[in-house]
Every structure is written in C-alpha cells, then in structure tokens.
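The chain below stands alone and is given as structure tokens, in the form predicted alone.
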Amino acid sequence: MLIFSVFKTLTDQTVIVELKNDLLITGVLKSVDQFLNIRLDNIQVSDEARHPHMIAVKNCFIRGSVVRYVQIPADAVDTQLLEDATRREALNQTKR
C-alpha cells in the first residue's frame, strides 16, 4: 500500500500517464484508489493526430491495469520520507 499512499499525496498535481497502448495523457490527478485506478482532469493527449477522438475529452478515468508508467513531478515527492517508509515496510514483511 506504499505506492497507493504516495499517489494519494499527489492529488491536484500535474502528472503524465502512459498507457499500455502508447497513449500519453497529461492531466491533474484528482483521485486514485487501492487498485491504482486514476482520475484526471484538464487532460491533454500528446499525439492528437493519432488519437483525434481524445481532443474533446476534458477529464477521464483510467483503469489501473492499463497504466504502463506514471510520471510525477520530482519536487512533489519527499524522497527521504519515501525511502524511510520503504525500509519500514520491508522490515515489517521480514518479521512475518
């Protein structure tokens, strides 16, 4: 659940989502759930010529299973906090 927690802190940040069908969508992250389904507002598609049907779309819901990558702003993530949380989670798993 660590990744889910990271994404929850990124709400209202601009992210780029790359789908498995090579579609790149840039938008403002509005919500994410435990399945890493993503809702974006104010979206823009990188290659409108290949995807003309997406020009009129202003917000979208993306199923987590079709996401290849999510690019997040570097300054939006506290890397030290993330490293510490990762270590704690790894320790908890080894104790089980």
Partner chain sequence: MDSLIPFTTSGSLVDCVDRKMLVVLRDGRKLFGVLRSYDQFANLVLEDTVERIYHQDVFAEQWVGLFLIRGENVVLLGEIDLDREDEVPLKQVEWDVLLPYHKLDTDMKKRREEFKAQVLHEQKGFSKEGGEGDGY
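The structure presented is a predicted model; accordingly, all values stated were derived computationally and were not measured. Residue numbers count along the first chain shown, from 1.
There is also a form predicted in complex with its partner chain; it is not shown, and the following applies to it.
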| request: Please state whether all three residues 6, 81 and 94 have a non-hydrogen atom within 4.5 angstroms of its partner chain in the predicted complex. | output: no
| query | Exactly one of 23, 16, 85, 10 has a non-hydrogen atom within 4.5 Å of its partner chain in the predicted complex; which residue is it? | reply | 23
| task | May I ask you to check whether residue 47 falls inside a 4.5 Å heavy atom distance of its partner chain in the predicted complex? | result | no
| request: Evaluate residue 62 for contact with its partner chain in the predicted complex, applying a 4.5 angstroms cut-off between non-hydrogen atoms, and reply yes or no. | output: yes
| task | Although its partner chain is absent from this view, report whether residue 70 comes within 4.5 Å of it in the predicted complex, heavy atoms only. | result | no
| task | Would you please decide whether residue 66 lies within 4.5 angstroms of its partner chain in the predicted complex, comparing each non-hydrogen atom pair? | result | yes
| field | in the predicted complex: members of 25 to 51 within 4.5 Å of its partner chain, any heavy atom | value | 25, 31, 32, 33, 34, 35, 37, 38, 39
